[in-house]
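In the block that follows, a single chain appears as structure tokens, in the form predicted alone.
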């Protein structure tokens, strides 16, 4: 039983990297490998619906990943398994325990090799530029990543992408690696999560493999590090990463880093690392706007061979405002519900499923946008809608007009009327000015992100 648990941990770890977060959680979170022989493998699932999905959609993928982990059955059987807990157990042997956030793909390899260097996760081939949805919130990051993919080490080195959870940072930075590999299959691309880097460093110390560890990372042509914020407070790991960074940068090798916050806001980050992260280009990836969210829903639905009506797409896009993973999870819930009942998804079904699940208003009103903007900038609503031209009034008014346009898609005459103006050219000028300013002003971008967050609470 312990052997099957270890193998399935490794399989789940690779599946989590191969699939989107929404699909992995929906179909694989509560599964177990119950038994296996050379003839067949038996996988326990919690219900008939998941059993059908794994049989229809994921059987070949599961068989392939099992084969990579030393299990090559001729047949895979799925059985409904009603154990008290379907949660996979973690390894209890003498190997170093891996962080929960990493999954446990690597436990079996650790047991065999005794050192972490043998079980790196690598790039997910599904993360490409072609299936990345570009919008106003991420177009600068997308352009920078494309430029790097064409000339790694020559432009924007290092590239530091930061932004909230679930907005596509991991997809984009891995797309760079996949594009470079497509252009140069011999390139040495190292993609690593910060948790994995930390774990490998600890393993290197434990097994006295420091030279092997350093050599691997410092020989990379491109080093891609995800979620660097987790290195904060770990002095020895920061020191090792500092030397790795210096070695690669000195050799004109490309470094790409992601984080949930800019370098200046990462607590207990050494100043020498903070300054190096600022050497190249830092880009704030914002929460996706309404059009981008609609495009994401349409793209994900089409990847499941399904065309959703525009009203369903817009409804789902309005359910989740800041997290693409949650947006995909909402879509998966709708598709799973309809497939289980043999229904075609429509707006009535979507409303019935999600009517009580939305944390904020599905559709904010123009008045609410104006009120939130005035409150955020500490100005009176009356002044915001007055002819006053004071700077402390003009900027909030222009931001409000920008939000009325981007969030509610109001026409310029309608925006002008909502803000107490007669001439709609004022609204055109305001929206154009704020749009351009957001591309070059990080402080304003942060203000707009915070303001939108408060609007939908």
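Everything numeric in this text was worked out from a predicted model, so none of it was measured. Residue numbers count along the first chain shown, from 1.
Omitted from view is the form predicted together with a small molecule, to which the following refers.
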Task: Sole residue of 203, 284, 328, 179 within 4.5 Å of the small molecule in the model of the complex, by heavy atom - done: 328
Task: Contact residue in the model of the complex, chosen from 80, 165, 251, 352 - any heavy atom within 4.5 Å of the small molecule - done: 165
TODO: From the candidate stretches 170-178, 365-373, 335-343, 307-315, select the single one in contact with the small molecule in the model of the complex, where contact means a heavy atom within 4.5 Å.
DONE: 170-178
Task: 4.5 Å heavy atom contact, residue 300 to the small molecule in the model of the complex - done: yes
Open item on the list: Within 4.5 Å, heavy atoms only: does residue 127 come near the small molecule in the model of the complex?
Closed with: yes
- [ ] Flag residue 189 as yes or no: does it have a non-hydrogen atom within 4.5 angstroms of any non-hydrogen atom of the small molecule in the model of the complex?
- [x] no
Open item on the list: When the contact criterion is heavy atoms within 4.5 Å, does residue 131 count as touching the small molecule in the model of the complex?
Closed with: yes
- [ ] Answer with closer or farther for the CA-CA spacing of residue 442 and residue 274 in the model of the complex compared to the shown form; it moves by 3 Å or more.
- [x] farther
TODO: Note whether the distance between the C-alpha atoms of residue 291 and residue 442 decreases (closer) or increases (farther) in the model of the complex, against the displayed form; the change is 3 Å or more.
DONE: farther
